[in-house]
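Encoded as structure tokens, the following chain is the form predicted on its own, with no partner shown.
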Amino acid sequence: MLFLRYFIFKYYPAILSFYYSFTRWNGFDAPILIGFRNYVKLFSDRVFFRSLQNVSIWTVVYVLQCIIPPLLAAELIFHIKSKRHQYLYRVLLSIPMVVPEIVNQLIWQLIYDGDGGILNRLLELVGMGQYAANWLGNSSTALWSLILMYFPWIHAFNMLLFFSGLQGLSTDVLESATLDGLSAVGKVVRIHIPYLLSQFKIAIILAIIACLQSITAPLVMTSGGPGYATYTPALYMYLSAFSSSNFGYSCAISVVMFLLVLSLTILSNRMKSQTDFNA
């Protein structure tokens, strides 16, 4: 029964989406089969390739954001001697997880506001008012404004993921490293990071999937603009369906993105397996 419900609400919509990608359908009338026309149009669509370019930049930066700051936070907490203080800092860094994503985005929209926004006012206070800008309204800064939200980028889930991995380290290994004269940085590079490869893989895969599916931030904060500066494939898929009533074309975009996510996930798993083999 559980599998049946899972099939109905997970697999069946995906199968329907694959079928509708070969149709011309406005969401109301009966779909008309048109073969591969949606895919032919998609692979010559400049807007789609612009959205891929945007999300590629976003993904590279976001993966680094999901790895480096959370790892540094986990390492700092791990090296705190007091268990009570470790728990306190984990709780403090995890509290933002309970804030709805849409609330965070609206707050950052106020920060980036070009007319007296928090960021522009801060720049004026420190004597750098000449750098004030309409961050979300300028095509050269809009995408980077979305990418660099949530400073200092300590993703609570990844921080907890890395910290739980560090807790699994054998005390004997750490004591041996200390006796061998390894510095704190040497332990991180030669012991901690190799030990956390599985956590890195999970964090990277989740970051890639999150970026390729990113829709709420550009939809709420910029509506994909100015122009197509903050378009993502997920946003283009949404707008094609609900703004242009071109559900067949929207389904074609979703199928291509599914195949792209699947390919990147398989590639990541193979790279991890090759790393484990070489080790």
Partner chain sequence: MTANKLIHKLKLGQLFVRLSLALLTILMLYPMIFMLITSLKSNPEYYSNFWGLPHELH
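Just so it is clear, the structure is predicted and the values come from calculations on it, not from any experiment. Numbering follows the first chain given and starts at 1.
This protein has a second form, the form predicted together with the partner chain, left out of what is shown; the following refers to that one.
Of the candidate stretches 86-94, 199-207, 172-180, 128-136, only 86-94 has residues with heavy atoms within 4.5 Å of the partner chain in the model of the complex. Using a 4.5 angstroms threshold between heavy atoms, residue 102 stays clear of the partner chain in the model of the complex. The partner chain is not shown here, and in the model of the complex it never comes within 4.5 Å of any heavy atom of residue 147. Among heavy atoms of residue 191, none comes within 4.5 Å of the partner chain in the model of the complex. Among residues of the shown chain, residue 140 is not one whose heavy atoms approach the partner chain to within 4.5 Å in the model of the complex. Site residues 4, 8 and 42 are none of them in contact with the partner chain in the model of the complex, judged by any heavy atom within 4.5 Å. Of all the residues from 98-116, those having a non-hydrogen atom no more than 4.5 Å from the partner chain in the model of the complex are 99, 103, 104, 107, 108, 110, 111, 116.
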